[in-house]
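What follows is a single chain, given as structure tokens, in the form predicted on its own.
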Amino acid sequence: MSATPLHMSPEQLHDYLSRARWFGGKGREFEVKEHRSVPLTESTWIELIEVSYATGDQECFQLPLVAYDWPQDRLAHALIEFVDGQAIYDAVHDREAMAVWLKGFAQQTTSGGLEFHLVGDPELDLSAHSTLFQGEQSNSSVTFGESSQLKVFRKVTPGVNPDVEILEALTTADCPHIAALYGWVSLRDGDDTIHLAILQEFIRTATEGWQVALASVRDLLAEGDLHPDEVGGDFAGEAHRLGMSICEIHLTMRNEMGEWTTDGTSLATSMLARLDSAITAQPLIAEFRDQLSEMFNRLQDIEEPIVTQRIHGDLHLGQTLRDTMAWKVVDFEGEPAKPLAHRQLPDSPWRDVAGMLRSFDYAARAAADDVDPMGNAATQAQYRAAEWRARNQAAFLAGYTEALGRELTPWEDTLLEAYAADKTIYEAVYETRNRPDWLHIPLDALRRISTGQIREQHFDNPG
């Protein structure tokens, strides 16, 4: 076929986006405002699709494509449309097309503004077959044998993607707690640069931290009347090591990327604004407004500057991997729903710590709810899950402060409590919009916070 990409119809692109699991606009009225093609080879290219919503918001999505002269039965599930006798497919599902991408990294291809970059001199197995990860996510990940993994950013924005910027800094610094960055793909678009994908080390032996934690809670609930520290699947040692790993990542990021400062009044103002906005989205939060406002206002009593730096920005157990040697942290692009400019801003590392502490609560409640679907806090399952939560939150924080080399100061204590409350408010809004069946988890946490149980929730002795 011609090196000029085939012309796609807005109607077919709209249809494919509507059923793509990675499309962030599902459930919203939208139209394909415009789309343009970026050639890679004669039969592979990238379609950049500008989407306009009924609200007036606009977003750009990336769709890697491949065309064949005849239909491919193995790709029937990824068919987008037929154009001029050609069958066009979503390329991440196609091994031949993904081999082109991997070769692009090896050769550091540049074409029409498209650039493949390498970090260092990684060993790339060009003969490895690609396998698309089938999990639910906002991007698409493809592994190449056991050597490397490609993450294609589906929603793209002009500017530096934090996943590229932060991972490059951590990889250059030889940080052992990440999957090393091998390279990235960028597109020069006038004066702008758009990051399209990253290639990373593939950690073959790793298990997602969320699954490891869930298994630990289930082991506890399957026992008779043992406490978490008496069960063979006790997670506290892992939580402690994870806390140390997160702290070491934060320290490396600060050393490599610098630090800034903010003040307690600014933080309090932003958290109070988010609280009011959250109450509009989920009125049940209003029950806790007075207590939460008092907690946030205490930030104004912090007299010294509050150090900020680049952070992960969306840290939870699902963003961690446990391999045979150590904990690894992935996905440094921040919360994908937030604008890129916001995700590039420095923040306190205690926001990441708060996110992990909240994730322990989610793991405990998710496992307990499987045993007790009504979520009755008085049941043995919920009581034992609460024990697991408190033990592992404390163990994680103990590991973090051990790597930090000191205990929390009183104002850091106040700061962490505020970030944990702020995160819980965010969760309540998220669950309202996406998983109503899980809304009780953050609401119950807000109830504990409002009755003064936040210290038990985060700082009990793990021993």
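Computed from a predicted structure; not experimentally measured. Start at 1 with the first residue shown and count on from there.
Another form exists, predicted in complex with a small molecule; not displayed. Remarks below refer to it.
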Inset, instruction - Decide whether Asn161 counts as a contact residue for the small molecule in the model of the complex under a heavy atom distance cut-off of 4.5 Å. - result: no
Inset, instruction - Indicate whether the small molecule has at least one heavy atom within 4.5 Å of a heavy atom of Glu201 in the model of the complex. - result: yes
Inset, instruction - Answer yes if any heavy atom of Ala78 is within 4.5 Å of a heavy atom of the small molecule in the model of the complex; otherwise answer no. - result: no
Legend entry - Close approach of Ala169 to the small molecule in the model of the complex, 4.5 Å, heavy atom: no
Inset, instruction - Work out which of Ala179, Leu267, Ile285, Ile194 lies within 4.5 Å of the small molecule in the model of the complex, going by heavy atoms. - result: Ala179
Inset, instruction - Would you mind picking the one in Thr308, Gln86, Ser186, Asn139 that has a heavy atom within 4.5 Å of the small molecule in the model of the complex? - result: Asn139
Inset, instruction - Just one of 202 to 210, 347 to 355, 102 to 110, 243 to 251 has residues with a heavy atom within 4.5 Å of the small molecule in the model of the complex, so point it out. - result: 202 to 210
